[in-house]
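Here you get one chain, nothing else, as structure tokens; it is the form predicted alone.
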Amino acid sequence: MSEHLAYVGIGTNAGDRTGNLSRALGELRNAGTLAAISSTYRTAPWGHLDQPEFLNLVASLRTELSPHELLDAFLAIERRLGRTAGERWGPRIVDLDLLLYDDLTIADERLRVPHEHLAERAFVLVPLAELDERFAAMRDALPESELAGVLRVEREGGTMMAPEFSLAISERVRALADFLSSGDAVRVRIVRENDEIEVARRQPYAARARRANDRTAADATRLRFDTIKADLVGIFHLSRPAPSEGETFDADRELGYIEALGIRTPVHSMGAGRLVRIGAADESPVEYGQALFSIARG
């Protein structure tokens, strides 16, 4: 079977949050090979504000599972880690989201890929852009106020392990092995009172990590994201027929225009691509430099 590259968003704001992230990464090994793991970020709650802060990260996963098989695997992981049905956007032990799967676009009753809120959530775009520079422009198009609320969690040695790490020894060894296989470290040791664990990585792990990085770099050359911004202040209008998110076009197309002082200034796609996000509402005022459209190329 062929191997695919998927990006997974992981979040938690209940219980042992750092332990939840480590356990989720350990569970993901059953779905494929972790190619890379972003830093961990502390973020304000999204949806309902009256709840604890979240810890979020993004991981890239090499997998032979189909998108819908991955979705089922994520739901099973959430259940095993203790997530139960609750209030929408409420507190959760762990939340796994399939953000991207190769260059596919999927829209059905169970799954939307790219994730439908990908372009508007700083807590996803910041760690995603850390792993894949194609998303840096989309991240930078977000308001500074949103980006300021995503704070990197400093960790000694860059590990995912919390001082109060309380997994069983076998689980800790697996989590440490996952960390070693996805990073640059060659040896990690945890000492807690009378309990000490040390794991070292042999050369084959380093070679596998280098191969994974090479494949990720090759994937990055196939697809990039451009942000089309307003070049003047005025009233923004969508062209007719109006473009829609997910729509593809084979050549340059007028997507909308800005009206100012009775003058209509068109906004073009600047070439072929797939429309990922429309950043301004029809007939709304826009400012200079405001993101209007995000377009995938390649």
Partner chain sequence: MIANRGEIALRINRACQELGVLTVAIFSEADRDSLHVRQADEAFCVGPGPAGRSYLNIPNIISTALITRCDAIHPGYGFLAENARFAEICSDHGLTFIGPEPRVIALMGDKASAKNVVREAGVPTTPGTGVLSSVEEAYAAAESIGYPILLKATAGGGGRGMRVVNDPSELQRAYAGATAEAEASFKDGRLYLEKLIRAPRHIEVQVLGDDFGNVVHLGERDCSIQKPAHQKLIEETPAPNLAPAVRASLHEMALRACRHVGYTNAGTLEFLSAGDDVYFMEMNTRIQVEHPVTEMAYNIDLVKEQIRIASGEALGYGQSDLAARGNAIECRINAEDPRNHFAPAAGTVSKLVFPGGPGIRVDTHLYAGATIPPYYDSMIAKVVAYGDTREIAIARMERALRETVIEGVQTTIELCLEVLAAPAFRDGRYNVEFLSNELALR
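These numbers come from a predicted model, not from an experiment. Heads up, when I say rigid core I mean the largest set of C-alphas that superpose within 1.5 Å between the two forms. Residue numbers count along the first chain shown, from 1.
Below, we turn to the form predicted together with the partner chain, even though it does not appear here.
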Quiz item: 269 to 277, 54 to 62, 254 to 262, 33 to 41: which one contacts the partner chain in the predicted bound form at 4.5 Å, heavy atom to heavy atom?
Solution: 254 to 262
Practice problem: Report whether the minimum heavy atom distance between S239 and the partner chain in the predicted bound form is within 4.5 Å. | Solution: no
Quiz item: Any of the heavy atoms of E69 lying within 4.5 Å of the partner chain in the predicted bound form?
Solution: yes
Practice problem: Consider G26 of the chain shown here, and say whether it contacts the partner chain in the predicted bound form, taking contact as heavy atoms within 4.5 Å. | Solution: no
Quiz item: Quick one: is L21 in contact with the partner chain in the predicted bound form, heavy atoms, 4.5 Å cut-off?
Solution: no
Quiz item: Which residues from 274 to 298 come close to the partner chain in the predicted bound form, meaning a heavy atom within 4.5 Å?
Solution: P285, V286, E287, Y288, G289
Quiz item: With the core lined up, does the C-alpha of V286 move 2 Å or more between this form and the one not shown?
Solution: yes
Quiz prompt | C-alpha of S66 off by 2 Å or more between this form and the one not shown on rigid core | solution = no
Practice problem: For R29, decide whether the Cα shift between this form and the one not shown is 2 Å or greater, given a superposition on the rigid core. | Solution: no
Quiz item: Versus the form shown, are the CA atoms of L142 and L261 closer or farther apart in the predicted bound form, given a shift of 3 angstroms or more?
Solution: farther
Quiz item: So the C-alpha spacing of Q290 and P114 changes by 3 Å or more in the predicted bound form; is that change toward closer or farther than shown?
Solution: closer
